[in-house]
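Let's start with one chain on its own, the form predicted alone, as structure tokens.
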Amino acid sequence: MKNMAKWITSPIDPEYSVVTFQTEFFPKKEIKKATVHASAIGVYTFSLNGARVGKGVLAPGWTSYPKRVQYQTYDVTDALKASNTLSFGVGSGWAVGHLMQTTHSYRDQIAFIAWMDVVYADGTSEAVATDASWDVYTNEVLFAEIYNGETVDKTAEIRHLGKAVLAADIKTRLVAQEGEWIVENDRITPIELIRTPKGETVIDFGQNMTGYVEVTIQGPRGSRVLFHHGEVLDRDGNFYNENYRLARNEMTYVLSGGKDVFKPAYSFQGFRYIRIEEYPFDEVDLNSFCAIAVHSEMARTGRFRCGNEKINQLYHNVIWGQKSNYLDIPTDCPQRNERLGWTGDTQVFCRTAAINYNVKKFLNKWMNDVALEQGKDGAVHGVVPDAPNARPKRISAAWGDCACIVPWEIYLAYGDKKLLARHFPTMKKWVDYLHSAGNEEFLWLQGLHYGDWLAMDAGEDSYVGATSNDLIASAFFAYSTELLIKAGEALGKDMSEYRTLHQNVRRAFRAYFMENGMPKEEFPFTEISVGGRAPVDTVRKGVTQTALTLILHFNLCNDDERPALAAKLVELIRDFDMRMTTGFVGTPYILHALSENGYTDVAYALLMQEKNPSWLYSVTHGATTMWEHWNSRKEDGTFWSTDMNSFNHYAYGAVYDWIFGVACGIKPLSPAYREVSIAPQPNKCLGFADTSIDTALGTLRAHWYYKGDDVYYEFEIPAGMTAHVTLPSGYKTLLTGGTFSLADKN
């Protein structure tokens, strides 16, 4: 039946309004099974006999549209009657709406396809499929666009636009849904109605999030509710959303006169606050408003709690950063005119993501698009799915390395060799690309990289940190090659060729970037400009916190060099008032580099630091999600530039994999946690720490707490798991399934 269905479109270009594709179905006999399949170039909703079908929203999601589009499947057996109307509303979505400043990114007009397979009780069957006989109608949604919101008019006249037109130009491949459903999750009631100093009416939901606001109201017919979204208030307490750039995030609802329930169906917003521009009554009823968090349907697997409320809030922010940005693809942010699948952000956070939630299907679906969009030469661009003409197609170290890092982390978390085998060619092509990318055989030199993005060691408001981009690129060349070797050996492949390559890369790295066991001071550099501004890549150093971190953590040094390198890293931290200067590249690894080399106390000091830059700076300034910049809001209450300042950016949330793996001590020794190391590193600054993760074998839990100077431990080990426990005193034991209590007394 799939082959009979045709892509159809509207006889009149709806621009940014929603149109409804509709057909009738009259069953001839008793139905045994009826299944509807649907997809769109755009975003669609499905109603049967006036009732919404399915739990998902924003279908069919976002894939590499020119290459593949997902379709969803719905069992409608019990919903069919003697006479049935199948209706599908279709809006512009990602494919036809704006991406950055580009319109109609993939096609100028929406398109739709659907088919229904009906099996009767007597074994015969019937089919219904989209073709030129379907009717097309206007919709009460007069405007819908991912960045700009929706206008819903309950008084709108529904008009017949004519018969559908075949969209013969669509050549993309239809695939059954691979990712999780995008669904509504938390429902959050307002915490406050605010009258700002400017006289604005603002509702505070108390939590920055991704989703939309549901409004339940009865008012005069034709009256309106209109509001905008924002993440923060300015330093004077006024509504602020200049950081949304060109994304309007505006909702307009025209009332029917009866009891209305409004919420978007074709867009989503990132917000904590809404500013009411129009309302049909003098007083705003908070009970009429409810915020609904929307993200991919991932099962929660990780939990954490400690005795320090600021760290608990940090963990809360990590979780909400992930929920906010795991909406079908791993986005960078949910609010401004961007919301793209940045590859660097994804690889930075994927280990933490797989601790917090089951992201196996989610990341596998995204990695399949990485593979589809990977160049023939193995190159991986900074954004997947591709956003045509929306971003320069820059190939950058640490961004393209998602090709190796994400598949390996999926394998470590879930132990699925079939998925590892599926993504192994992508990993191999990327490493082969690295081998040819630079002007030296075993180094990646003079590439156009994002560098240590948003690090603060080249100046507080720099885009690119001070660390040599060549050093970063060549370090990641070594790291990705190492992961490729591990993946290949896990799959039983002969990786001797790549072992030799890794040795050569490591040797070349040390010869070019290091001298007497230390990185060299400075290197030549290529100027980088961002958004047409003056070059921002102005300092290319080798002795930075990030450079030292990568050398230590990626094992690019000899064992006898480690003490001096780690001591130098600590010196740079102390010279900066016990603070980090690292950006997107160095931050995920810096605490690991410290704790792996005898400086867990310094790692804790960084974790607990509250001055900018630090993880707790945003917490002490009221954050409920992770920020894009360490100082998105500055000490004086002003903001970073309006062109790039998200208050819901999850990358720095990668710190939780250190809390989980070092502070709480849980590290997998084999894929899917079949064998683990539990080596907690307690510190009184946390008071206690209690973490757990749901694995394929069951729930693994580690809990430590102080009584005076003595530390007590509780471990829960699921049956079938082997845990190698090491306490700070040096005591070691081997635990298998059960609950255990231990003490480490001074």
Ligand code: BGC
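Small disclaimer: the values here were computed from a predicted structure and weren't measured. Start at 1 and count along the sequence shown; that's the residue number.
One more form of this protein, predicted together with the named molecule, exists but is not displayed; see below.
A heavy atom within 4.5 Å of the named molecule in the predicted bound form is found for one listed residue only; from 362, 430, 444, 453, this is 453. A heavy atom within 4.5 Å of the named molecule in the predicted bound form is found for exactly one of 229, 629, 423, 336: 336. You can rule out all but one of 119-127, 662-670, 597-605, 337-345: in the predicted bound form, only 337-345 has residues with a heavy atom within 4.5 Å of the named molecule. A residue is said to contact a partner when one of its heavy atoms sits within 4.5 Å of a partner heavy atom; residue 644 meets this definition for the named molecule in the predicted bound form.
Interface residue remark: residue 332 is counted as part of the site for the named molecule in the predicted bound form, having a heavy atom within 4.5 Å.
Interface membership of residue 649, defined by any non-hydrogen atom within 4.5 Å of the named molecule in the predicted bound form, is confirmed. Taking the partner from the other structure, the named molecule in the predicted bound form has no heavy atom within 4.5 Å of any heavy atom of residue 112.
Contact annotation for 299-321: no residue has a non-hydrogen atom within 4.5 angstroms of the named molecule in the predicted bound form.
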